[in-house]
Ligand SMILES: CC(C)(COP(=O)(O)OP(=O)(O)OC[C@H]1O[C@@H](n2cnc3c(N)ncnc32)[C@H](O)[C@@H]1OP(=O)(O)O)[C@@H](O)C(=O)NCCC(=O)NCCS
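Read the single chain below, which is given as structure tokens and is the form predicted on its own.
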Amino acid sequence: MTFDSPRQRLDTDALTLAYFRVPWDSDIFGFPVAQITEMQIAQPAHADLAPFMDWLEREHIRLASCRLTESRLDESMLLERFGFRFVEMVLHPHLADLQAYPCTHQGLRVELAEVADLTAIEEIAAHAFGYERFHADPRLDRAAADRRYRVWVRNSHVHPTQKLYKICEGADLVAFFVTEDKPDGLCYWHLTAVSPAFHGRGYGKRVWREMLHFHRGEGRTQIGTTIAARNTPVLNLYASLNFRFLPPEMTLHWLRNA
């Protein structure tokens, strides 16, 4: 299982760029996918993406993405000049002092998922995500976007740093979380979803409170995650749990022959 690929860099007096080919998304979508991971313009009048665009051509990249803090307008305008298009704004809910947070046990059970759980969790993942960039971009296949989250769940079970948790009530699988422990006591939530079978029954806030209680018991001190700004139900959930929001970011996609 490959989780990484070599990073490329473009460094000039005007522009710094870091990017790589994304092997897992390339496999899922059936064509080469790339991602820009760092972009900084020092001289807007002289910044040129042509070497990067040449790399996209040589590597036969069909989809490239970049995520920028919302204030980075020089960078976003340069990307747009070369055919990138805005597809989403994301928010970063953050809970800074988990150990002081008044969360209590919600009567749910949090356990690491086992191999036997994967099929059921993948089925939840295939229907739980519809707001993020791969579903938001009308030029991309929604079935492939659904498949991306199925594969992410399965990969997280064997990932060197991510953990896949199932949240159950009795014998029922209610939700799953993919998490990763970061430095400084931060636990990052990569994927979070309640099974569609339990929607509209008050499980959202119970599940999130149960996970906060669980991570507090582990000694974690902070929680962070990323959500699509257009996902207002989840945005309101985090606001009701007293999360604060870090500066938003915008995502742009370039698609060959769009």
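All values derive from a computational prediction rather than experimental measurement. When you see a residue number, it is the position in the sequence shown, counting from 1.
Below, we refer to the form predicted in complex with this ligand, which is not included among the displayed structures.
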item: Among 246-254, 233-241, 8-16, 21-29, the region lying within 4.5 Å of this ligand in the predicted complex by heavy atom distance; value: 233-241
item: Heavy atom of residue 214 within 4.5 Å of this ligand in the predicted complex; value: no
item: 4.5 Å heavy atom contact, residue 203 to this ligand in the predicted complex; value: yes
item: Heavy atom of residue 65 within 4.5 Å of this ligand in the predicted complex; value: no
item: Residue 186: touches this ligand in the predicted complex, heavy atom cutoff 4.5 angstroms; value: no
item: This ligand: the contacting residue among 117, 75, 146, 132 in the predicted complex [heavy atom, 4.5 Å]; value: 132
item: Interface residue in the predicted complex among 194, 36, 49, 61, criterion: non-hydrogen atom within 4.5 angstroms of this ligand; value: 194
